[in-house]
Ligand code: BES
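Next up: just one chain, as structure tokens, the form predicted alone.
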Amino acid sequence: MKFSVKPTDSTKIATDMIVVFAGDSAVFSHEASVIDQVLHGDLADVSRAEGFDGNRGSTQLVYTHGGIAAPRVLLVGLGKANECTMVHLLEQAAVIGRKAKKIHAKRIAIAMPFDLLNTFSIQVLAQGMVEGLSLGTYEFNRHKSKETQEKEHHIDDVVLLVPAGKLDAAAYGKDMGEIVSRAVVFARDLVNEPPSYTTPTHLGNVAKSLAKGRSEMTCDVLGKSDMETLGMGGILGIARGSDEEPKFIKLSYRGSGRKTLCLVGKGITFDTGGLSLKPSDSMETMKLDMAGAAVILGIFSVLPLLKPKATIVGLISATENMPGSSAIKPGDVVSAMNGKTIEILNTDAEGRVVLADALSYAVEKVKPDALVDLATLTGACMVALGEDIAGLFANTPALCDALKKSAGQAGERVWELPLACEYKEILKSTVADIKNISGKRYGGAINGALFLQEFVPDTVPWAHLDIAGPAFAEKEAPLTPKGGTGFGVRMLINWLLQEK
């Protein structure tokens, strides 16, 4: 899909479909009114007859019969402009993309919804349109037959129509939208690949390819012997049941600013639960357990284009969690890189164990100004917040507020949950420093975050994102088909670009 920005008259541009907007009570935008006048009121007549009300999500397709250059007009409802959020803007753009695909439109033009300029800048409007269209029309069909792939309809060109005086700002937003969308698609593709393909070794090779030929980026991939030298007993313990060798991946982007920001991703490339075996229906989608790692790789795939001022370090603990004959057993004790010992009571609570080593490495070797980890960590977070919202835990209000702000601006939903210090008592072990589950029925997401906090000193600003719900769509959603969503890419890119 190729995007461009032009000041062309919406009545004269020769596309398969022109998109215009209407607000609450079907009040037409300026461009919609212009087209309606040229069509002698047909747009208003048809939309009224079909019950189009302008509410958010509503659409009406109208054929122009040669009245303007485009043969079809898609009227899109925005609802009340002052209630429109970035999530709504992205979803509306996704609706446009899906409508275009449905009618096999190859080239479309969008008269930008300037009724929203009191809410969004023209740059943000353009970026949101590009991201929504790109992500809403995403398909992962790499493993389908050639015949099936050829049946898939693709939009070739999208033209964003803006006044001449706003071209530069809209073009910048368009460029940003293309870059961010590319990063999200990169992450989605990794999650959607079969787990026998996206092994720890494969993730390491992907990371190496991102840094290859880039003077501002470096990549180190540590193997089993390197991790033994560092004392990474957590990831090594979880990896014992698999024939696949674990990998610890470090990507670094050198920015011109003084800050160093570290992102840590959980990279369990397939999670059976280990000896604490999951039931089969819970295991079907467990290729998603490396979604945190995929987010980091997606972000690093575009950092040279974004050129953030801060130095960015990405760390990934990558391994399978398998029930082999050498698998770690409930009751075993492992020692994390920082020397803290962990009693493993449930091998299906493995993500926090491998993250313990990654967080310890970040604190000791990277010494970041801020540290953020992403993990499909707990089903409990999904119980609390549902499938669309990530849990956010942070040890400093400033970092928490910055991430919440970035999420809102990017159109991703997070909700702050407490690091309740009184719950720490139930993580104490009788044979080690800490146990990997509380043994209690309630508060699982909080207990997972409290476990991770044990490996980050209070002096290091740290946040944990539990993305178990929004990382993978169990059913089709406005911005994604079933499968990996790339959740976290947009908000973290937004955050990284604001830190200097």
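This is a predicted model, so every value here is computed, not measured. Residue indices: 1-based, along the sequence shown.
Omitted here: the form predicted together with the ligand. The next part is about that form.
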Query raised in the report: Heavy atoms within 4.5 Å of the ligand in the model of the complex: which of the stretches 374-382, 106-114, 399-407, 78-86 has them?
Result: 374-382
**Report entry** Listed residue that, although the ligand is not shown, lies within 4.5 Å of it in the model of the complex (heavy atoms), from Ile328, Cys219, Val162, Ala349
**Finding:** Ala349
Report summary line: From Met286, Met227, Leu90, Val313: within 4.5 Å of the ligand in the model of the complex by heavy atoms is Met286
**Report entry** Non-hydrogen atom within 4.5 angstroms of the ligand in the model of the complex for each of Leu263, Val302 and Lys500
**Finding:** no
Query raised in the report: So in the model of the complex, does Lys278 come within 4.5 Å of the ligand, heavy atom to heavy atom?
Result: yes
Query - Heavy atom of Ile68 within 4.5 Å of the ligand in the model of the complex - result: no
Query raised in the report: Does any heavy atom of Ala468 come within 4.5 Å of a heavy atom of the ligand in the model of the complex?
Result: yes
Query - Close approach of Ile437 to the ligand in the model of the complex, 4.5 Å, heavy atom - result: yes
